[in-house]
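Quick setup: one chain, the form predicted alone, written in structure tokens, and binding and motion questions come after.
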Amino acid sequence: MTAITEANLPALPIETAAFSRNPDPFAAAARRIHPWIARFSQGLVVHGYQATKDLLADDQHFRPGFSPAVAFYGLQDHLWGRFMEEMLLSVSGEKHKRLRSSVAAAFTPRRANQVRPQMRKVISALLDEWAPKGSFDFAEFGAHFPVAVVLGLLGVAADVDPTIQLGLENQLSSLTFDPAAKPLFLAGWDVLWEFSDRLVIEREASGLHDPDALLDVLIEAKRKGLLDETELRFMLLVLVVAGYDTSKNMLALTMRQLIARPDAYARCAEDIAYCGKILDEALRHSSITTPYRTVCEAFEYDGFQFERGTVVVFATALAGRDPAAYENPLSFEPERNPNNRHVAFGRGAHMCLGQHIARAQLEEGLHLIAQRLRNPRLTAEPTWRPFLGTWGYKSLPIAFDPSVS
């Protein structure tokens, strides 16, 4: 048995701009040395499909959460640091069950289908505003969709102050381990905390109660003792932050694939079920998340001894491109019938709570976008967000033929 600290492992430069633009050559070189694991500046990167599937579901030996980032920035005593270490994504066991149960009923497949009309209303209103332009940055356009959907689920006004959107944009930059990101996400944190605090105070003072509004569901959970005051606000922020970055990035990555496949794009306008196939392949091909784990109990896996305290990042995008798991993994094939289900929504107890909502809004979004933005084409080279945190396009400039139908 080889200690992972002594193993001859390749390095993956996942913090670099070159890796974000095109991770595939780096991944291919790393696989020639070891098929599923590599090093990066803060610990280990698991990039093989089977290892990702096995280890991401291991809630015995791994502790979830972002303590490594909190320690990197020296913010253990800051409220942001407490949020990163105590929110839903960062806790396990009974606390995780309690927090998750406070909102689980709002994220079922049935509930996701119930809110599809609201999703269509949101994206139609955005298209009414943006489609007549004939060209725009699709990444910027896409950023308005998921946050409006999440706020609609909460039961609050969908008009978003630009400072709040900027705060959302900067939050997951904290996962890049870049000192330059610290003032940005801390400034954004102050805005977001005030936003969530004000939402709760104003709703409770109003005396209003809508059993279908997620904000009221959370307030009721607090009254029943399932959440305390801080946990309620943390939960609001988890839902808004997670629902923002993931969905908008996935939408832009999928759009880029469809621009190169006009027949598939045209079919999306006619067939929403086909949009689901497109989405599944996009999640396999270009998953945007890099979940963090820390080894909390030493264990053995596939010939390696993992020591307590080791930081592990799971590169789900690379797992979806693992040639040991998928035939022609770099090819985007919506009609593929893979033997292996993608891991974009995670595994185990921390599998993405909002996956059904995310799928529904992306399917509805693709369907209506394809009807209204005809013949899309790139007008300039896209730019990329960091791979760590939530990968995707920073900009995706396109032109198109507007349609009023």
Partner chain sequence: MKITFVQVNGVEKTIEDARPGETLMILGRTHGVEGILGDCGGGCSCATCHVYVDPEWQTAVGPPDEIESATLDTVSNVLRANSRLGCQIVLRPELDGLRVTVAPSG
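Residue numbers count along the first chain shown, from 1. Just so we're clear, the structure is a prediction, and the values are computed from it rather than from any experiment.
Separately, the form predicted together with its partner chain exists; it is not shown, and the next lines address it.
A residue is said to contact a partner when one of its heavy atoms sits within 4.5 Å of a partner heavy atom; Arg100 meets this definition for its partner chain in the predicted complex. Contact annotation: Arg341 falls within 4.5 Å of its partner chain in the predicted complex, judged by heavy atom distances. A residue is said to contact a partner when one of its heavy atoms sits within 4.5 Å of a partner heavy atom; Ala324 fails this definition for its partner chain in the predicted complex, lying far away. Proximity of Thr108 to its partner chain in the predicted complex falls within the 4.5 Å heavy atom cutoff. Three-residue candidate spot Arg347, Met351 and His356; every residue lies within 4.5 angstroms of its partner chain in the predicted complex by at least one non-hydrogen atom. Checking Ala104, Ala71, Ala187, Ala125 for any heavy atom within 4.5 Å of its partner chain in the predicted complex turns up a single hit: Ala104.
Only one of 74-82, 126-134, 108-116, 279-287 lies within 4.5 Å of its partner chain in the predicted complex by heavy atoms, and it is 108-116.
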